[in-house]
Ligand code: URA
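Shown below, as structure tokens, is a lone chain in the form predicted alone; questions about how it binds or moves come after it.
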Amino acid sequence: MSKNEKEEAIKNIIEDIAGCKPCRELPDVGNIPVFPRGNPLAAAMLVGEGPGEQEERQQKPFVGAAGKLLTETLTNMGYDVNRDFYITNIVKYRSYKALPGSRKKNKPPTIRQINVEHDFLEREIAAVKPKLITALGAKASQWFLGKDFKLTKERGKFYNWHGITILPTFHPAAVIRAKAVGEEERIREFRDDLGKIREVIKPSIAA
């Protein structure tokens, strides 16, 4: 697929995400689409679970505190995040729990939401054709590796999914939560896992 064909395919996906009526009709799901960002020509994808409040506001994935940790970690390894990766989530609409006073608390997407939006990520992968997908968090890892995949036991290893290398690791939001309660080991494990990206994809500056 040529550069123009890839860009046109992603453009069409974005239009379909924006116009997804079934997505917005699900209970406890927001009505603001969050679109992929990064480079559709990249050899690597970063795939998270779903957007949070900041992502919904900016309509881009990984732009809140979790995104900052992810970007800083990869930048320190020599990567240009927007050039070396295509960045998306398994669902494109925020899943939340309603709280008193019109407040909302992020929650993992339901199986129903994942099934409704499943086609988007499949189409993104078909367009980008990455060599490597880093799955961030349990839900993203299970999307590729099955519902029985145990992230805490099986993360940080390479798996094959339809000829594409999958590297599952923690979601950076989970790393932040662990660090807040004194679990410093989690951030080291997260950095070690992301460091394995270099075994498959070198930073574009060093390529």
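We number the residues from 1 along the sequence you see. Just so you know, these numbers come straight off a predicted model, no measurement behind them.
Not on display, but discussed next: the form predicted together with this ligand.
Heavy atoms within 4.5 Å of this ligand in the predicted bound form belong, among the stretches 143-151, 176-184, 23-31, 45-53, to residues of 45-53. In the predicted bound form, Thr134 stays away from this ligand, with no heavy atom inside 4.5 Å. Within 4.5 Å of any heavy atom of this ligand in the predicted bound form lies no heavy atom of Pro168. In this stretch, 1-37, not one residue has a heavy atom within 4.5 Å of this ligand in the predicted bound form; the partner itself is omitted from this view.
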